[in-house]
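For reference, the chain that follows is the form predicted alone, supplied as structure tokens.
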């Protein structure tokens, strides 16, 4: 079991209980594998895609259906999509920035723009995959709000831990630390004060069945690149 395996399972767990909705992973193999792993184990009604317009089956090489862009947008508008996105910055309330670093009038770095983040985060369940947990990403205040936090934010999975907003004021909580990671390491890599429960569990690793599914889905071990 590797750290990448744990991260894939943590992403898969974000989809638990979703039922028949579109599960979309953006940002590389960890999130797409998480969606497919959930579908092939504990959440069989999920719809998964190739990241464009094809619905994929248990065999990712087989196309099960066609999802026109207008239907994709309809699923977003009606809350029938759960997307894993990335973020260049995220604050204690789950607001995220993928648009620019610095003042928007004269940014130090221009990034992607807000893209579909406002619609995704207002209409649909949203989770985040952050491959490098650091103070550059977890900031006290984002430079521009591309995606809003709040009750539709399910979880934030990083290379160190799982976080969520299940606190009375909706601020970020440390839900679990990955095997081999300490609470102190996560706190040191976070640029704001996290809510730390008295007992922080360890993120669960994959079962033997889940490892078999992962090996079939990712024979080239692309997930290890994170």
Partner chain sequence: MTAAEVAARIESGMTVGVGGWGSRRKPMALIRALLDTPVTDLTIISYGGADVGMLCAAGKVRKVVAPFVTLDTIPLEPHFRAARQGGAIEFAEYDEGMFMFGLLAAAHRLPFLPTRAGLGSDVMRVNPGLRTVRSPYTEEDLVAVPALTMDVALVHLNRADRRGNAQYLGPDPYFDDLYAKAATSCYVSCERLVDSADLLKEGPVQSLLISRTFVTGVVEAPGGAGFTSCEPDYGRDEAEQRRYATTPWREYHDEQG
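Residue numbers count along the first chain shown, from 1. This is a predicted model, so every value here is computed, not measured.
Here the subject shifts to the form predicted in complex with its partner chain, a form of this protein not shown in this document.
Checking 130, 117, 152, 83 for any heavy atom within 4.5 Å of its partner chain in the predicted bound form turns up a single hit: 117. Annotated contact segment (heavy atom within 4.5 Å of its partner chain in the predicted bound form): 62-70, selected among 32-40, 168-176, 62-70, 186-194. Contact between residue 53 and its partner chain in the predicted bound form is found at the 4.5 Å heavy atom cutoff. At a distance threshold of 4.5 angstroms between non-hydrogen atoms, residue 144 is in contact with its partner chain in the predicted bound form.
In sequence order, 104, 105, 106, 107, 108, 109, 110, 111, 112, 113, 114, 115, 116, 117, 118, 119, 122 are the residues of 102-122 having a heavy atom within 4.5 Å of its partner chain in the predicted bound form; the partner itself is omitted from this view.
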